[in-house]
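Coming up is one lone chain in structure tokens, specifically the form predicted alone.
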């Protein structure tokens, strides 16, 4: 299956600075356990279809100007493909994940080894605190927005903020279908983001509205298509299929939206963003060009 580019098919605007993204081939991907409401062992992913969808996403990211590095897949670690959860990247530092569920905890040594071998200073969160990397920790400007309760602990996020010297805005996630922050919140630039408000408690909704000036709200139908789980490369925004309202809004705001089918990964509760870890800093990160 090839990716569908929803706009600007005559050519793509090259990014001002080449994005660097870590991905992991889905050689051993499958629904082997159930740790979120999307996962059903009775509804298995088709591995060959998943591979084609993953390859189409990789090709689209490269067409948008990104450099892709690969983490070797490991038998018995089906969710290693979701590299976003490996760590929070801050300049040359990688704050390594401490997964809540035992099924994913064996991923951490493989992620940490790759990051260390490629020049990152790998650090851990305080013992006993759960933290699931860029799945729950996203910079928008100089502020770290931190999802907590379902997978990551608020105390761990505050400890990371103190270590990095940045402001942390804790956001409580209350809908189990949006168990990571990156499933319901996507920074586009400093001061701008896509989000699905119904995934948050009232305090978190208020905090997002107070601290992010330009917000694009995603409705329930498109949130269920993982519209918020997007990859941003310069002005390019890559999502799963089935997000026409978001794409129309992005176009109006000067972005170049693209879609590619990722339904085999939605079966596990992931999509475009989950399948990528930005190694050079997200577009919205205030420190990216420092």
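Predicted, not measured: the structure shown is a model, and the values here were computed from it. Residue numbers count along the first chain shown, from 1.
Absent from the display: the form predicted together with a small molecule. The rest refers to it.
Partner-contacting position among 84, 204, 140, 218 - heavy atom within 4.5 Å of the small molecule in the predicted complex: In short, 84.
Residue contact check: residue 152 to the small molecule in the predicted complex, 4.5 Å heavy atom: No, residue 152 is distant from the partner.
Close approach of residue 111 to the small molecule in the predicted complex, 4.5 Å, heavy atom: No, residue 111 is distant from the partner.
Contact flag, residue 56 vs the small molecule in the predicted complex, heavy atom cut 4.5 Å: The answer is no: residue 56 has no heavy atom within 4.5 Å of the small molecule.
Interface membership of residue 36, the small molecule in the predicted complex, 4.5 Å heavy atom rule: Contact check for residue 36: yes, within 4.5 Å of the small molecule in the predicted complex.
Answer range among 116 to 124, 205 to 213, 157 to 165, 181 to 189 for contact with the small molecule, defined in the predicted complex as heavy atoms within 4.5 Å: Stretch 181 to 189 is the one.
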